[in-house]
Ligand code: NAP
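We begin with a single chain expressed as structure tokens, specifically the form predicted on its own.
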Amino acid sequence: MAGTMFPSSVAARDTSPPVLVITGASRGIGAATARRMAATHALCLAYRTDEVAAQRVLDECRALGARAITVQADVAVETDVITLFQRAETELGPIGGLVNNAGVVDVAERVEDMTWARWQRMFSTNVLGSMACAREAVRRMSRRRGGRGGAIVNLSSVAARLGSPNQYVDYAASKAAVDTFTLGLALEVADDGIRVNAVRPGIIDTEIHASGGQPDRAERLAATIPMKRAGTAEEVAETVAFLLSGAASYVTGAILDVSGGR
């Protein structure tokens, strides 16, 4: 059953589309993932501030056949995360998957110039937000708790293994924490019918570079990548879709690089 994240025995009893929660769904990789999954999943699209962009993605997903809703939620705020999952479950049905895509970066700086507030924002969103969303997903998907199983895909970064010196050491450290969390949670919930994997994008041509003060970063660094080009959000979304699908039914605790060899 390559089109579903549930085991075939469960799918045979329930033919409704799996409900997938995607954080940071209003742009970039989150939006591309939403469009990629729209034909086969009911979608809860979480966004933090850009309601116009989120509505655009919602309209696109509905046009592709998805039952879908948007929910404004800052994953760095625990009550927002709880509300997000409550609404997804109430308005769409049982949760079957999570894509932990929401994340932030900051301007390029050396560590000695970084502020405590920057670190708090970075880790609250990239690490605690991903952990809180995973917690709420596990509570609903775990077979030990009456759920139907499911899959979680965390968005990490190649920065986790490169360190991003002189630029984003804090971002790299936050994504390394996501890698470790992925491995630990995968082992913890494997027997609960939940698979947990991560995708590590490299230089991907999305808006995140502009939010880090370097809108031309993807183009500027393309020559340093073995494949000599930046990747696209759609290429990352294809890997996310694989990890959510039944084609990856024996894959858990994996961290897949989508980096053009970087």
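Just so it is clear, the model here is predicted, and its values are computed rather than measured. Residues carry their position along the shown sequence, with the first being 1.
As for the form predicted in complex with the named molecule, it is not shown, yet the points below apply to it.
Contact check at 4.5 Å (heavy atoms) against the named molecule in the predicted complex: all three of 26, 102 and 171 pass. In the predicted complex, the named molecule sits within 4.5 Å of a heavy atom of residue 203.
Taking the partner from the other structure, the named molecule in the predicted complex has a heavy atom within 4.5 Å of a heavy atom of residue 50. In the predicted complex, none of the heavy atoms of residue 127 sits within 4.5 Å of a heavy atom of the named molecule. Contact check for residue 138: every heavy atom lies farther than 4.5 Å from the named molecule in the predicted complex.
Residues within 4.5 angstroms of the named molecule in the predicted complex, judged by any non-hydrogen atom, belong to 194-202 and to none of the other stretches in 59-67, 219-227, 36-44, 194-202. For the options 132, 92, 73, 189, the residue carrying a heavy atom within 4.5 angstroms of the named molecule in the predicted complex is 73.
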